[in-house]
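Next up: just one chain, as structure tokens, the form predicted on its own.
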Amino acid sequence: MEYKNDLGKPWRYEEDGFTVTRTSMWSPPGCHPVGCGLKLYVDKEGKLDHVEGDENNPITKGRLCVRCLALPDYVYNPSRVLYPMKRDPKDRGKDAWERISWDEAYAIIKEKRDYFAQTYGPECMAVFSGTGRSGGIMCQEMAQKVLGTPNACYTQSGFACYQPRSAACSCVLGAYYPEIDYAGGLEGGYDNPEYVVPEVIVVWGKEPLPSNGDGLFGHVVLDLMKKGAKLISVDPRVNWLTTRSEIQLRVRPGTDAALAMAWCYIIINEDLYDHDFVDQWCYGFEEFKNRINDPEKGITPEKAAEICDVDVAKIYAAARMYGKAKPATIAWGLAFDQNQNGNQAGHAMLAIMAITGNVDVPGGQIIGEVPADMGMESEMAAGAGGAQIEKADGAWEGDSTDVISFGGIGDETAQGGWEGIGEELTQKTIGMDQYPLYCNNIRMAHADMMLDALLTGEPYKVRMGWIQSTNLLSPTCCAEPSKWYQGLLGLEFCIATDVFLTPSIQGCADLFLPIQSCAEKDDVNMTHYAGSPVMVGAINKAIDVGEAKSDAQILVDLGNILGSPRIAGRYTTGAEYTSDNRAVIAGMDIRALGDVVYYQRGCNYRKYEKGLLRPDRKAGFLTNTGRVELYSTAFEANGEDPLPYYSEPAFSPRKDPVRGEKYPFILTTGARTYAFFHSEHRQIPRLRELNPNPLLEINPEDARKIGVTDGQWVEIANEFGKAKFKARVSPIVRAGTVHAQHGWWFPEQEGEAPNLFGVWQSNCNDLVPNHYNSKLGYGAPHKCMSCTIRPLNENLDADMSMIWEKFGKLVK
């Protein structure tokens, strides 16, 4: 049988009566921001018929998950809303929407925005965001460029997704985020002569096969294992990859900092570290070594074994296996973020990568190049071939948050504040006084303090909101969503943009603007939010559906209507804006990128030697000392310990044995499933069939003790809230630990308040409190809470017949 493929075909071509468009996928729906390659088959009526994987994508190579294959079910789902709607604020929660035109919707927004900004000041408005719907979070752009308020807000407590790691990277490494090197940025991939297959891959607090987290395409781990890489897993749960690992450390949830410090102890004291790299490029090694060996604050492997509940021999074996491998690499995940001690765990993790010499080397951890100061590139070019690159011995004089930030691009100045809104207004950002590093590093308000402002009106009342493409009330992107619901109801006016009418919108919004799926717009996808040198992908438009618009088009439309100085008169289409602010990373405009579909950025290893990690083009890292700061001067300047330490999770049964008797189970959440992306896809019957009900994984030993059988519904509870799940009795979770699926709501249920599509039934985030962050404001205990479990006699199983009947017949 002859094998057929579409390698080398143009971005659009005809085949068997279909027009085929090759594209790079972002959410919705899918795994942001991998940029999986799709071929969209559109029939003669202009309708999306089916989806196949694009073999031309240099990373995914035609491999697709069920979420992308189910794209037509998503695009043409009968519950999708395809036109703007308004509702009287007194009718929030009711199905009292009225269809309106885009012109009317924009006129309402202008009237409200002008009134609130002129009456109370622009800071009384806020934009609330999750992962977004375009090639990178656009929350800051919507807030600062469009509305002119500093208050963009990713609503998850402590920004407990990616940012605790990212903040540690900025402060310790002076780079955005060190991802494992899977040759994604190299032409020819694994066969490129520059590339070296890692001897060891550590997957730590991450499950990359179902999640493809943060842009890491999970199946590259399998690719590399086939090429000889050995695997170490650090995860309390068992999954497909852990069963193929040489060593699995089933660490007690929330104790990652202790384990990482123990690895440092072994690597340093057994002389497994790279002396040249430490001498040339690290700062504070002796202080770091003293901390690791400190009898009180240091962590020996034996001490870690007791804290983490793992075999000490396995700790030694894993650290030695990693330390002796050249190169070795670590995929580190959400476990570092959803933990009050996550900044310190990240600090220790970055130290492991650095002292073993695995930073920015083939097969190690790759980091992204930063733009040069104006004129520096030409200066370097003039000296090419002879001049010695000066080595940095201090900080760059600019603002490093301009170059190490979400998305990688910023056009603000210190004098002009964020996006030109002015320094005075920037300083009014909610949380700036208590958490300046957090706010400045991501140009956002602090999530927990924003909730306080919504509930109390302090430090000032937030009056107008914008739920920007996030379903925050579903247990995905906030802690204590019941409190967020009450806070949002206090807004005087609330806009919402999304693909579907979610519980968050049904409960809290007054104006709904429909946005496009990835198949309906031209856009740009940046792997790893542009922070790692991997790939920039074109999202190529294939179809039109209803009146929906892209986020970028809404940004441009409103920017012109509201007179935004960064937009008005400069852009007329979202594609133009995206071209200047996203495609530019590939060095081409959006149409040229659309033609090639995928642009591999090249790795350019050991950039610290070449001056490519600093705008002044001096050799070194973008930290205060120009080196990897094992002793972090940035942490110290912001009131945090400059050296890593371990602290017991706040709600651990060990920390408070009395409370532990009442709430004996460690509760973790957040692991992804193959069927869903966070709170999406519950209305897609063929995906829902894979996971019809919210599940709680519980160990058989624990299930027997409390009388729970497999498939029985249970209630989990603590002093903050309660939620119901269907028990899955399985040894994949440790005894004493349970795992609750997140993101659940039930589109088949009654949508009006108080039910709101059943959003409160299985809302595990209601058991997670706000304000349990690190000293710097990061992290939250989503993966190290505790609870009790009560067996239920009721059966809440989803009626799949009803779901098929309600959502199975697509509207084309």
Partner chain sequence: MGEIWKVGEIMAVGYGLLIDYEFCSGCQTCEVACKEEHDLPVGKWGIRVLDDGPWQKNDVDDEGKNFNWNKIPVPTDLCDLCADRVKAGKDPSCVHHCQAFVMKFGTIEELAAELTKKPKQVLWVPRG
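Numbering follows the first chain given and starts at 1. From a predicted model like this one, the values you see are computed outputs, not experimental measurements.
We do not show the form predicted in complex with its partner chain, though everything after this point is about it.
- The partner is absent here, but in the predicted bound form a heavy atom of Glu246, alone among Glu547, Asp103, Glu194, Glu246, sits within 4.5 Å of its partner chain.
- The partner is absent here; in the predicted bound form, the one residue of Tyr76, Tyr115, Trp240, Tyr460 having a heavy atom within 4.5 Å of its partner chain is Trp240.
- Proximity of Glu15 to its partner chain in the predicted bound form falls within the 4.5 Å heavy atom cutoff.
- Under a 4.5 angstroms non-hydrogen atom cutoff, its partner chain in the predicted bound form has Glu55 among its neighbouring residues.
- Taking the partner from elsewhere, Glu306 is found to have every heavy atom lying beyond 4.5 Å of its partner chain in the predicted bound form.
- At a distance threshold of 4.5 angstroms between non-hydrogen atoms, Lys541 is out of contact with its partner chain in the predicted bound form.
- Contact with its partner chain, judged by heavy atoms within 4.5 Å in the predicted bound form, is confined among 580-588, 680-688, 625-633, 473-481 to 680-688.
- Residues from 197-221 that approach its partner chain in the predicted bound form with a non-hydrogen atom closer than or equal to 4.5 Å are Leu209, Phe217, His219, in the order they occur in the chain.
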